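In structure tokens, the next block holds one chain alone, the form predicted alone.
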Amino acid sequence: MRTSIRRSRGTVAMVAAAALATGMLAGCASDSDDGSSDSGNGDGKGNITLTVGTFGVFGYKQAGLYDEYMKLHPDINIKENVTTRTDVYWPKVLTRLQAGSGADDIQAIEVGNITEAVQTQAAKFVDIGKDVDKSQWLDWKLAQATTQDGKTIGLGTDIGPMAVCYRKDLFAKAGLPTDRAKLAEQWKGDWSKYVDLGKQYMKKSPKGTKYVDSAASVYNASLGGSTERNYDKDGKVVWDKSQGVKDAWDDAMTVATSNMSAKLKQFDPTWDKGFANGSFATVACPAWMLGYIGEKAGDSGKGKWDVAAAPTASNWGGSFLGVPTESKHQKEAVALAKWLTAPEQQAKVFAKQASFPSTPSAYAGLKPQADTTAYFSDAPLTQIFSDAAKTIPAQPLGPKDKPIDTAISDIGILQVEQKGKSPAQGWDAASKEIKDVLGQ
């Protein structure tokens, strides 16, 4: 994942990971501005200069991939143009695509924007799927970047398979099992089972602690494991009828109306303090979040945190590389995008950046750093996240997923959890916002 913090769930909060592979407490950084910067990597020796437009830090430069490629292809010079924030990056890309000029030879596309790109910008991108072995990628990842008529506009880079990170010391004090396999079996198949365990936790909860960080995090995790989100397979908006939304909302409301939530908003400073103070015992965690937990919980959390398989496999985050048709070097750009996203290169980025690969053949060779594994009680991290990645459902996505999810989490759920509104009042408030967004 990118080494930038996007504080909205809708934009997918990518955190200074450096977690699984590079030593989780090293190399953490966050974006502090919304500007853009150019990061030239080429040495000017190549006859052809390819530009790569990214947001945050993809890790290609850090992993030495640009230098390696230029050494393999002396006629190619690579320049990376980095925009730190996705909310600045994507509108700029759209403007340039519409103008037919100014786009980079390769453009990164964040998962929160891929459906919009597929549905409205497909003609602006090369059908890059013709030049690769599509079976290298997870089916659901490939489907996200493929149009209904089979055109693939982007190659998958990383993903964010989810697990449950938990404080086993707090579980022990609450009289709950601490073995990760037993816990995974106890809540397997349904996030409501995970929520039910929270009721047991609160009966003997250690003083000053809650079971989970927030109801919204439960909503996000539960929804991510559903086969249906806000749109159906035909692209129709069905958020108010979606079984996935209903189940996730019910789980979140059970949490919000109980005493098991610390009532924190993820990526706010209070959430960070919650890790440091040990004020909650569990959090649904994508692979990239391990570094964030280690950074915020600090040395005092070492050996107290553990990781168990999530009730259902789900994904949070990820990106793609596409080649705009306006590129004057389409052939060379496709070749570079294909090489950067190949399993071998994704494994190298994981080793440097901890971005979890979207190509399963890379999983067998992934090796977390010893200090990261030790921090999380020697949990089999790559096994847990790899198993999750292979079973994540292929959800139909839509162009308004982001504002719909944000309205439900940041308006509906927060009104119930933090302002004491009823679930019906919270749903009505979220519905009003969503209808405004959709123009209904």
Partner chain sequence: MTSKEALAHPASSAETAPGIPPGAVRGARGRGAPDGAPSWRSRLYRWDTKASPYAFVTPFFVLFGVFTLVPLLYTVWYSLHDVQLSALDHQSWTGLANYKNLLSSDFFWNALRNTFTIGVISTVPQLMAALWLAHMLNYKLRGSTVWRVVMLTPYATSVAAATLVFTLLYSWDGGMVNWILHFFGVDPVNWRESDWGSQFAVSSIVIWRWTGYNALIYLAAMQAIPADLYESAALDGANRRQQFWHVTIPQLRPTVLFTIVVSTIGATQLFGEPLLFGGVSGTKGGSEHQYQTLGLYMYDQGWIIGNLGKASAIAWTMFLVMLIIAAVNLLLTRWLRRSDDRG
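Residue numbers count along the first chain shown, from 1. By rigid core we mean the largest C-alpha set that fits within 1.5 Å across both forms. From a predicted model like this one, the values you see are computed outputs, not experimental measurements.
Beyond what is shown, the protein has a form predicted in complex with its partner chain; the following relates to that form.
At least one heavy atom of Lys265 is located within 4.5 Å of its partner chain in the model of the complex. With a 4.5 Å cutoff on heavy atoms, Ser422 does not count as touching its partner chain in the model of the complex; it lies far away.
Although the partner is absent here, Asp410 lies within 4.5 Å of its partner chain in the model of the complex, judged by heavy atoms.
Not displayed here, its partner chain is kept clear of Ala276 by more than 4.5 Å at the level of heavy atoms in the model of the complex. Screening 336-344, 75-83, 315-323, 265-273 for residues having heavy atoms within 4.5 Å of its partner chain in the model of the complex returns a single hit, 265-273.
Thr95 is the sole member of Thr227, Thr95, Gln200, Ser300 with a non-hydrogen atom lying within 4.5 angstroms of its partner chain in the model of the complex. This chain lacks the partner; the member of Asp131, Asp87, Asp232, Asp179 within 4.5 angstroms of its partner chain in the model of the complex by a non-hydrogen atom is Asp87. Heavy atoms closer than or equal to 4.5 Å to its partner chain in the model of the complex belong, across 89-124, to the residues Pro91, Leu94, Thr95, Gln98, Glu116, Thr120, Gln121, ordered by sequence position. Lys302 is not among the residues whose C-alpha shifts by 2 Å or more between this form and the one not shown once the rigid core is aligned; its shift stays under 2 Å. Superposition on the rigid core between this form and the one not shown places the CA atom of Thr95 2 Å or more away from its counterpart.
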